[in-house]
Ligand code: HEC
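Next comes just one chain, in structure tokens: the form predicted on its own.
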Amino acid sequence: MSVPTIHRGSPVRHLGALLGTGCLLLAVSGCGGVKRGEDANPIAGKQEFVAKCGACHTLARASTKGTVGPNLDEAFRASLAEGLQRSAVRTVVEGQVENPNRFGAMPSGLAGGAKLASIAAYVAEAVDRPGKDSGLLASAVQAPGAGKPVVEKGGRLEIAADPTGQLSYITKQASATAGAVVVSMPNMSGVSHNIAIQSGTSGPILGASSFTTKGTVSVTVKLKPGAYTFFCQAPGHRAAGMEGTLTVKP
């Protein structure tokens, strides 16, 4: 039975080897004095996962599509099929976050205590499960881009990045009247985003803002009647769904 590591650039390791190396990942034996799963709240865990992990990892039930780190559904699939218990998945996730690969993209101190326990509990229950979350978990995080369409007013159009950390804007629909429009993007997620305006879905890029992790950036574009696309230029973000349609009327 193999247990995957969840940061980019690390090999798949055998569970027995993990247990024989002094708990290299603080794996199933739980050494290190940490009480695994204590104070775990899967609902809060889903919210924390989306905010802190979703920009890097794909997890279908959380609707996250990050590509910086491994797809978690795929990473644990073979081990779960071989009989790995979900309690072990939870422990592996906790250990990986507490001891990230120093050559990888995962930062140290990402989460700890009850927050980490909740993230790990949610991932362990959600990873590689078909279907969608139900009950309170289903409404714990708003679906990406599910906000109401935004409308330009007085030559200004505000399209905010999703504040929860999802790779999306708060809406996938915007409208404006023809002419010069200042498109601004507030971003309070802590994930680096920008906003670019493209003619159609594959035409020239008419303008793009700078990037920000906390703050507001903007770009001024001159628009003719027609359909445009707004999207984030950060690697992998558009492919993960961070785009929408801007309809310009005469």
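Note that the structure is predicted; figures quoted are calculated from it, not measured. In case it trips you up, residue 1 is the first one in the sequence shown, and so on.
Just so you know, the form predicted in complex with this ligand exists too; it's not on screen, but the next bit is about it.
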Single option in Val141, Ala117, Val93, Ala174 placed near this ligand in the model of the complex, where near means a heavy atom within 4.5 Å:
Val93
In the model of the complex, the residue from His193, Lys52, Lys65, Arg61 that sits within 4.5 Å of this ligand by heavy atoms:
Lys52
Quick one: in the model of the complex, does every one of Phe76, Val97 and Pro107 get a heavy atom within 4.5 Å of this ligand?
yes
Please identify, from 152 to 160, 130 to 138, 68 to 76, 176 to 184, the stretch that has a heavy atom within 4.5 Å of this ligand in the model of the complex.
68 to 76
Looking in the model of the complex, any heavy atom of Cys56 within 4.5 Å of this ligand?
yes
Is Ser87 part of the interface with this ligand in the model of the complex - any heavy atom within 4.5 Å?
no
